[in-house]
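We begin with a single chain expressed as structure tokens, specifically the form predicted on its own.
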Amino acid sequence: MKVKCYIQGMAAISPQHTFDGDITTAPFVQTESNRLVCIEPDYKPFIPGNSLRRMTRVLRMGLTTALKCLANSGVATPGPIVTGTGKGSLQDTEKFIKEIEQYKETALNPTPFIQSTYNSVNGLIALQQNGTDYNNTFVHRGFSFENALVDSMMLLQEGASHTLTGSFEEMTEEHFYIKSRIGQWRTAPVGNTRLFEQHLPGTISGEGSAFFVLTAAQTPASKAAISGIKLLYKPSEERLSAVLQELGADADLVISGDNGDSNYARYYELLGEVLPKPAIPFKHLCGEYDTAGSFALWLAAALLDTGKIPGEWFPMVKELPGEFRKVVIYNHFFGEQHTVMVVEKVNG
């Protein structure tokens, strides 16, 4: 899809200082754990206290990120709200399932079930901002955020003035343990400091929330432009190479979804062969999760907006490019859902 849209405002909660900090000065948060956990902001300026007490982590993160994004964009009403999530509120889901067993399917509290539904965050945003437009949540594993983005671009093409587009994901201790049993995480702790020292089976888990106000027309406040995106399900090497060449041949910088997992190292070897350009990874910053592509988009837009790459965030990269105007993002989710996205600089 090559319909261009513009990022008017954005916000992200992640394991790095992305919510309030300037990307050019924010320190790189290092950890030796294989589970990266979000740095959560003070929610009180965004959510009333009586509502805050009833919300679980992912609801707080998703709603606050969306409200911060709207404030940063200067847009009063969200318009169409389109999001993607791979798991939704795991905390609420786990609590409800436990209570089914604990209370033998009697006297159940309905709140965890209501809040465990995937579109809970969208509903909260609409209620708080009096939104009455199109409202949709995509739950398509590694394509969840990307499908939300494609849907938003089509809405803009059909006449919407702007959309609020984002993602939200959390990792609980139980889900981390379950995924470790099927080999998704490294068996020994490496954290994000030594993730790329060796490509071994498994990676590190992550979580986060990122939202964007997208417009069809460029404005003086536009951060960056999304000029192309393609989604590929289990592509052959020939097909993947062709798409990378088509969208990234004239890019100045590659943002790679390499997560250090040797099971899928071939994809990133292929990326280097097809696009031998300056490349930076991003999953040592946010970890691996279904909608990690939204963090990559936030990162690309932040880098293009500031024109600088914070070297402290990428200690494994020997030489960073000094100037770049076009960025191609390549990411995949455990070898199945592959995405290639193009982000360009605007305003100068």
Partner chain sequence: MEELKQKLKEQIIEALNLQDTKPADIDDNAPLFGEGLGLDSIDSLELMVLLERQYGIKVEDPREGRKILQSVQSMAEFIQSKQQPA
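Positions refer to the first chain, counted from 1. Predicted model only: the values in this text are computed from it and were never measured.
We do not show the form predicted in complex with the partner chain, though everything after this point is about it.
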key: Contact stretch among 279-287, 34-42, 53-61, 314-322 - heavy atom within 4.5 Å of the partner chain in the predicted complex   = 53-61
ask   = Here the chain is shown alone; which of 114, 188, 242, 178 has a heavy atom within 4.5 Å of the partner chain in the predicted complex?
value = 114
key: Answer option from 198, 157, 109, 219, heavy atom within 4.5 Å of the partner chain in the predicted complex   = 109
inquiry  = Please tell me whether any heavy atom belonging to residue 103 falls inside 4.5 Å of a heavy atom of the partner chain, as the geometry stands in the predicted complex.
reply    = yes
inquiry  = Please tell me whether any heavy atom belonging to residue 99 falls inside 4.5 Å of a heavy atom of the partner chain, as the geometry stands in the predicted complex.
reply    = yes
